[in-house]
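Take a look at this single chain in structure tokens; it is the form predicted alone.
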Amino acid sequence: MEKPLSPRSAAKRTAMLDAAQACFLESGYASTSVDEVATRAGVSKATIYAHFASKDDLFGAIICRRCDDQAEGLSSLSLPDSSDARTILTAIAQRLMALFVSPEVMGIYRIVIAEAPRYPELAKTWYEAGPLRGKQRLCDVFDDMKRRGLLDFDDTRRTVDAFVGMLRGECFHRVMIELPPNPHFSAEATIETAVNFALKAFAPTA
């Protein structure tokens, strides 16, 4: 079990992670040096290596921190106290879309995609700590909706995967590759389509 960091060490670690994330997002993984991160964080290179074994380890820590934030956001997702499936699904979809296209999440996603062939372990860390944990939280929500008779489906994981997949459509991909938005595929339209599809596909049987 790791020894808890002192407040001073924890603050330094946070500063290093903040600086490294900014450097990686601005310059990419390959072009970012530990020296650059140290200068930006206002610490020595030795201090960084006292906390992180390598640049890979530093990058992995950033991914885990960001994924922890995402998972916490989904875990604390405040759903409407409603018996209306449309209201609940819309709230879920709005939270997910905001998360998917946020600059920080999108920036890390781009880096992971670019570096995955060379650093598969980092991609694995990102996937298990982020999307996989998020989908598990959604499975719990969908199972609860099924128990309440609001939806009906056979396989929870596939149902959640289909719902999330509909949100990662044209709007998401245009943001990812920095194309101008297409009004026909706005975030609002994407959410409406996904919710309408889910309500029809997973409607409770009479």
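Just so it is clear, the structure is predicted and the values come from calculations on it, not from any experiment. If you superpose the two forms and keep the largest set of C-alpha atoms that fall within 1.5 Å, you have the rigid core. Each residue number is its position in the shown sequence, starting from 1.
Another form, the form predicted in complex with the DNA, is not on view; read the next lines as being about it.
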Exercise. Heavy atom within 4.5 Å of the DNA in the predicted complex: which of Ile63, Val160, Cys171, Val34?
Worked result: Val34
For this session: Tell me, yes or no, whether His51 is in contact with the DNA in the predicted complex, where a contact means a heavy atom of each within 4.5 Å.
Result: yes
For this session: Indicate whether the DNA has at least one heavy atom within 4.5 Å of a heavy atom of Gly149 in the predicted complex.
Result: no
Problem set entry | Non-hydrogen atom contact Arg8 with the DNA in the predicted complex at 4.5 angstroms | yes
Exercise. Taking the shortest heavy atom distance, is Val43 within 4.5 Å of the DNA in the predicted complex?
Worked result: yes
Exercise. Is the DNA in the predicted complex near all of Lys12, Thr47 and Lys55, within 4.5 Å of a heavy atom of each?
Worked result: yes
Exercise. 136-144, 175-183, 26-34, 152-160: which one contacts the DNA in the predicted complex at 4.5 Å, heavy atom to heavy atom?
Worked result: 26-34
Exercise. Taking the rigid core as the frame, does Met16 move its C-alpha by 2 Å or more between the shown form and the other one?
Worked result: yes
Exercise. With both forms fit on the core, has Ala53 moved 2 Å or more by CA between the shown form and the other one?
Worked result: yes
